[in-house]
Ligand code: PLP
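A lone chain, given as structure tokens: the form predicted alone.
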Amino acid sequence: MKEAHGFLSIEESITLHLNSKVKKLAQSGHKVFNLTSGQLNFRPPLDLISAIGKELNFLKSFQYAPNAGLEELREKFLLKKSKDRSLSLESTSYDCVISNGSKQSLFLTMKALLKPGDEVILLAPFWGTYFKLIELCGAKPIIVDSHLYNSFTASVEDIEEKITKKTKLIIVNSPNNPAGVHYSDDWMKSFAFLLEKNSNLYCISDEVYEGIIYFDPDPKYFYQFNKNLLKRTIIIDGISKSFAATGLRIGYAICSKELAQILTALQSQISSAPNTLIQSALIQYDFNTLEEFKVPIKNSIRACASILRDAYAQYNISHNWYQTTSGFYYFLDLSKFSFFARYNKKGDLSTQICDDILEKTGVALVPGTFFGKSNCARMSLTIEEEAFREAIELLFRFLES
């Protein structure tokens, strides 16, 4: 069976699996602090919710959309990205393909670009789904490491050392999941120069968290420093994070018109067009109101980040802390805490340690294994402030015991 059906061995997304596990524990009466979540604890914008309700009155909202998505919404996403990046993504050269979430946009892109034997460079820590999708395409993930003391930002020099004749694609995720940082302007300038020198490489710029920046400055992107790179760039974005709408499943890819045609053809055979109702509502929604909507979201994340910083100071381990700036995660290096000396085994103990933490404290974290880093864990900064404060107190009491 495994040989005949190659997908039978694929694993479920660990974050979704952990969320399910945490819910079952809570339902059985345990007090659990779920810091695994990849979604905000907020409702989507009220104007968007209202627009969805209004669209229920129209027959067209329940019928097929074009395979690339509704043209008006595709143009709207192109215009928004052009405005946000001070670029001109004119529809004569570029297009937008709307899919059932950014995860599908990523898969379509990789399926279109990769062939078996190609290499894809990943910057650790990385979202684990990248690794799985690359393998599904028959390509090979090549990992460039980083560490706590450079805020988990891989150096451009280290990336360059990993490039070979087989390298087809580099994935850049800024703001980063799981590190909760966005790459500096200097980093992006250096990376732009690297891509310019390697004219056969494509780059996926995963920007799904770009709307959640809670410490200045806002990020810039490599293609803003060299607009010619847009021809080899695929921008991935969606409404899951910035609109607090993970369940509405709208993501998109912005790329060259030629590549967009391939993505559209693939999508037509895999799933057809994404949800017409939500697309129609997004056409009616005023994107200019998003910044106001995100103010309380950013304040909440910033407050949790400050609680975390204070905990490091309270336990006199500020030298093992780094400042998050964007997205809504923090990446713990578990090996830097006192308790780690109890584990005399070698290798990656992330999963075992996270299980121990959940059992002893009720705090649920995502093991670093999923993100390509040993003995680390991702925590989400999205629960309510007082609950987060209690969770951090319990966690640090355990980690520094």
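Predicted model, so just to flag it, every value in this text is computed and none were measured. One-based numbering along the sequence shown.
One more form of this protein should be noted, the form predicted in complex with this ligand, which is absent from this view; the next part is about it.
- This ligand is not drawn, but in the predicted complex it has a heavy atom within 4.5 Å of Val208.
- Residue contact check for Leu106: one or more of its heavy atoms lie within 4.5 Å of this ligand in the predicted complex.
- In the predicted complex, this ligand sits within 4.5 Å of a heavy atom of Ser240.
- Interface membership of Tyr214, defined by any non-hydrogen atom within 4.5 Å of this ligand in the predicted complex, is ruled out.
- Here the chain stands alone, but in the predicted complex its contact with this ligand, taken as any heavy atom within 4.5 Å, falls in 170-178 among 308-316, 144-152, 170-178, 227-235.
- The contact with this ligand in the predicted complex, taken as any heavy atom within 4.5 Å, belongs to Trp127 out of Trp127, Tyr202, Phe191, Tyr330.
- Think of it this way: in the predicted complex, this ligand has a heavy atom of just one of Arg249, Lys294, Lys81, Lys162 within 4.5 Å, and the residue is Arg249.
- Contact annotation for 365-400: no residue has a non-hydrogen atom within 4.5 angstroms of this ligand in the predicted complex.
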